[in-house]
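Okay, so here's just one chain, in structure tokens, the form predicted alone.
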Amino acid sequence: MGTLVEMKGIYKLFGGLCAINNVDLTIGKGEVIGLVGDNAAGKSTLMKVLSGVYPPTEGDIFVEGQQKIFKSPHDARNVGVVMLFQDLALVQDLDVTDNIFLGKELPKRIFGQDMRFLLDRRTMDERSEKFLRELEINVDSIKEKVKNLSGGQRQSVSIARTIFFNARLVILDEPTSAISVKETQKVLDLILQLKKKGVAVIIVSHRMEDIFNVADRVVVLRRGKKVEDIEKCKTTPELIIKRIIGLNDGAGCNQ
């Protein structure tokens, strides 16, 4: 598989509060990690450090063995690390194609020159349609405004946009918290599609069933510390819940 990202000795302090306390985390290429913990366990803070929202107070981040300093989410995106928040950052009044190409629109070329004031909408539509089809994402039309899509479709379009521009690690913050059971399965299927394409995924979720449907490993944070990092085959949802609340019963392999 090979290692994509390493976080080593990460601390994050907010004044006198230690939100992240000496956490190490390794993410393999094409690996799906379930990151779980109670409220205020440090999950979102750790992921914001990884995605460039917060600088670490101490510690280092490596991408394919090279140390990286992320001063902003833009720096993280430049090496393929993208975090999707629950609001998805989609523009509701734009259509699917416009959202996928947002910020990276294709200009028309006339006599070999880029015409920045004219967009090559046909090519953008064709590429969007082909890409969504490859990921098995179903929308009625790529010309449909995002505000008219279902919650699951919006989540899928948001994920697709990151992959379209070569994300190598996608961090999903509660991706199934506000959608139906049917749409949840579609999002989980999309996560497995990303895995097949070699894209690593970290799914932050309180829904243990979702974690165990897609994750290769489960990482538990409690009060800012990593208290478990275990292959899915070697644990159960019940044992993970015990680790989340602080009952140290160990874990046995269920292969």
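Start at 1 with the first residue shown and count on from there. Keep in mind that what you see is a predicted model, and the values were worked out from it rather than measured.
If you look for the form predicted in complex with a small molecule, you will not find it shown, but the lines that follow are about it.
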query	finding
Non-hydrogen atom contact residue 229 with the small molecule in the predicted bound form at 4.5 angstroms	no
Residue 245: touches the small molecule in the predicted bound form, heavy atom cutoff 4.5 angstroms	no
Residue contact check: residue 11 to the small molecule in the predicted bound form, 4.5 Å heavy atom	no
is_contact(residue 45, the small molecule) in the predicted bound form, heavy atom dist at most 4.5 Å	yes
Heavy atom contact within 4.5 Å of the small molecule in the predicted bound form, the stretch among 207-215, 190-198, 58-66, 37-45	37-45
